[in-house]
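In structure tokens, the next block holds one chain alone, the form predicted on its own.
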């Protein structure tokens, strides 16, 4: 005899428990457990070894065509994807509200539709007329995009089944979709998981490139069950500050290409414009050498980017509590670097406020930024400007060692291409680039002596 069984699912991580509790035991989030529809549990075991449909196995080396990527018409979008759109793939795109997700996908859909392929754009948040207004503002009103405003997955799949499969299918957004076969309101864990499963299955069976737009939480994580990120092939994040012009499309997971690859866009009146040389964007406005400013040769996936790091040191009166403010970098890593500079180099930051900023609103995660941050901090502390045509890269250990980092030659090549004449980093393990003088350092005190000298 069947009996109902209660299930409580965490909206943050997708964890399941049989009783409600204030805190999720899996991820530690509070007030995220919600009840799902009761499931029927049978007391007898089912024999699953017979009665199913036989599946067909093929050898790994079986002859056949490898799916060819399709160009989206936006080179930066294709770069972040690893070379273009893969037929039958599912892409999850997340980002803050108003950052430009819908604008980016509408531009990509218009390029594909204008190239002779078919593109379907389904909006669950806006009416069709509102999407047309945006397309008119972007100059895309003549693009032959199939546009619809719908939230029922059953209606969407029924309509798609009555027409030729499109090249691109955009669902904006997955949190607004619902299925009448699943209990719960749109946006709940069960609805998001079930709707995404049906849409992904349609894309796989018909070689359609599916792009799902996802909402994000206040922490920047994609809302809904974590299993959604496992179901899709590619997870992308559209980042940037709305007060800044630039936007970065970052690949967080990619089954068909490199991870952490980025595409850079600039938000303009006519939509998103591609930025072919992001280094010039983040280095613009550097008129003269200033104390506390250092240029870092970063790596984003396979792409080198030169970024300015700015530091400011303010001495306080005795008794005041100094502040530590960081924008664009890990505050914990800066605290560690300040401790190393005090313990290994004899510098005093304990009685001063320390402010660190990555210019342009960029967010750094590369550990090779340690040396550039240290150079900016020492320069600001001693009020000694760094040479304007110099770049810095290297990882700093707790012992004060400057450790080697990956892609040293690529960092140097990008620096030389942009007119920088000198680079400081770990003891060179690769041949210096032509036109760039490289100075290797093994310990952090070498950096302090070079910047402060006899000061």
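The shown structure was predicted, so the numbers you read here are calculated from the model rather than taken from an experiment. Positions refer to the first chain, counted from 1.
The same protein has a further form, the form predicted together with a small molecule, not shown here; the description that follows concerns it.
J.: So which stretch, 130-138, 112-120, 333-341, 350-358, is the one near the small molecule in the model of the complex (non-hydrogen atoms, 4.5 Å)?
T.: In the other structure, the partner sits against 130-138.
J.: Can you tell me if residue 166 lies within 4.5 angstroms of the small molecule in the model of the complex, counting non-hydrogen atoms only?
T.: Flag for residue 166 set to no.
J.: Although the partner isn't part of this model, could you tell me whether residue 301 comes within 4.5 Å of the small molecule in the model of the complex, counting any heavy atom of the residue?
T.: No.
J.: Any chance residue 306 has a heavy atom within 4.5 Å of the small molecule in the model of the complex?
T.: No, residue 306 is distant from the partner.
J.: Consider residue 270 of the chain shown here, and say whether it contacts the small molecule in the model of the complex, taking contact as heavy atoms within 4.5 Å.
T.: Within the cut-off, so yes.
J.: Just to confirm, with a 4.5 Å cut-off on non-hydrogen atoms, which of 293, 279, 191, 103 contacts the small molecule in the model of the complex?
T.: Spelling it out, the residue with a heavy atom inside the cut-off is 103.
J.: Counting non-hydrogen atoms within 4.5 angstroms of the small molecule in the model of the complex, say which of 346, 98, 144, 161 makes the cut.
T.: Contact residue from the list: 98.
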